[in-house]
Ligand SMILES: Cc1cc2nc3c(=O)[nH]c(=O)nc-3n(C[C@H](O)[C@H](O)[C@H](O)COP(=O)(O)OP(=O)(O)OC[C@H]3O[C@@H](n4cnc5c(N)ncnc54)[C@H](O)[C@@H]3O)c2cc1C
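First comes one chain, alone, set out as structure tokens in the form predicted alone.
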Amino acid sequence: MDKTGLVWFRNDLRIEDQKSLFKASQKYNSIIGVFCFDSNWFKETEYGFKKTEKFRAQFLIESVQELKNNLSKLNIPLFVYLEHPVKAIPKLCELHNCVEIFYQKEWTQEESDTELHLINKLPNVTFTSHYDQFLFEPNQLPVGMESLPEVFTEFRKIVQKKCKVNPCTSIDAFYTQTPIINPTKIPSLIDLGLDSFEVHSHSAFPFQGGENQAQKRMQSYFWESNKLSVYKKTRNGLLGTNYSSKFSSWLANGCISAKAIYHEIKKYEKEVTKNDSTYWLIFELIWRDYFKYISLKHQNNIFKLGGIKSRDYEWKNNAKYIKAWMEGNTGKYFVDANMRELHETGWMSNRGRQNVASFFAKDWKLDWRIGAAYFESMLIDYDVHSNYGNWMYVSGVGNDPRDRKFNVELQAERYDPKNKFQQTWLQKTLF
């Protein structure tokens, strides 16, 4: 039997600019892929809601399905299990003589524990990991992790001055390996213990998961509508599909790489226009990198009550208030409209997220980690680093040097002056 390279897909559900797949293709003629829907992702948390709810789960299912289809065009099978990787992958390695596992490096606790347990269980298998979710990769940084700036502006200036974005990788080969029987199936929402649903008519994110869908969105947002050229002006919008790029969900699942978006922006700047808006989308990609580096530097401190600053604030854990916030019944119209949008669609604008998080942590002084966990459950575009980084930032235990608090009434007046957004989700006339 030929020796086989195994690509363990995690949050890198694509074939273009996919470092693990690229490295495996350079070394092995026989390649298989694997993705595991860990049942722990769909269990109820200590806070009374599921770790992953239906909106994010559906987008993940769609992303894995499209990955499987795209890999099949390369004659590479994707084995999909509703099982923990430590249980599924060793059996797969034994059955198909997998001698090396290629995978994206993760560093947060749950993912690191899984990796370590798997390595211990497969002592005769080589493990080859890559950092593959950054715009500027760790080996490009001109400073060590211990010297990484805590303030975003300082970080941005360093990477923009000292770092270059690497080119994307691609594989073209059609593998002529003997067809491999693959009896596995991608689970449905029902299989995951979740309810099926129809996309809400007012959803600002009616898109599907998958690499092809990400490419389709980029084509539409950049080249067909030219919305990229006005991104900075519209990015604080609240209603509709085009006030922002909406790339975050595909980025979170790795259906598209930050590098691919960056290089497409540069192409747009050459062929259409270069302005504040094109720069601002790159600026947002750098913010994404920044939170990943803060997470990499501070490790599990991003999950602690005192955050990375070890602040000793007095936080409340009032079940009545937490429930009111989650259900959009706080009495603050702007907060409630955003929370109801999240509950019905799995989406919320960046402007909305800042306001509801600030209200939760600064006005009601509730344990910010509960709010972060609820976002983890509900948001289609949940990314552990950005989510917890932003929640720390807004809650005063992270990287905001000014420790700001949002006035939700003034924010509503500024960003929803005619009450259209609030009326859409509260379904009543506001005066």
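When you see a residue number, it is the position in the sequence shown, counting from 1. In this text, all values refer to a predicted model and were calculated from it rather than measured experimentally.
Just so it is clear, the following notes concern the form predicted in complex with the ligand, a form of the same protein that is not shown.
J.: Decide if the three candidate residues Ser349, Phe375 and Trp391 all line the ligand in the model of the complex, where lining means a heavy atom within 4.5 Å.
T.: Yes.
J.: Does the 4.5 Å heavy atom contact test between Phe37 and the ligand in the model of the complex come out positive?
T.: Residue-level check for Phe37: no, no contact with the ligand.
J.: Closest heavy atom of Asn387 to the ligand in the model of the complex, within 4.5 Å or not?
T.: Asn387: yes, in contact with the ligand in the model of the complex.
J.: Does Leu379 make contact with the ligand in the model of the complex, using a 4.5 Å heavy atom cut-off?
T.: Although the ligand is absent here, Leu379 would touch it in the model of the complex, with heavy atoms inside 4.5 Å.
J.: Is there any non-hydrogen atom of Ser248 lying within 4.5 Å of the ligand in the model of the complex?
T.: Yes, contact at 4.5 Å.
J.: Exactly one stretch in 118-126, 331-339, 194-202, 286-294 has heavy atoms within 4.5 Å of the ligand in the model of the complex; which is it?
T.: Partner-contacting stretch among the options: 286-294.
J.: From the list His263, Arg353, Lys232, Lys309, which entry has a heavy atom within 4.5 Å of the ligand in the model of the complex?
T.: Of the candidates His263, Arg353, Lys232, Lys309, Arg353 is the one lying within 4.5 Å of the ligand in the model of the complex.
J.: Quick check on this chain: which one of Leu281, Cys98, Met326, Ile76 has a heavy atom within 4.5 Å of the ligand in the model of the complex?
T.: Among Leu281, Cys98, Met326, Ile76, a heavy atom within 4.5 Å of the ligand in the model of the complex occurs only for Leu281.
J.: Quick one: which residues from 9-29 get a non-hydrogen atom within 4.5 Å of the ligand in the model of the complex?
T.: Sequence-ordered list is empty.
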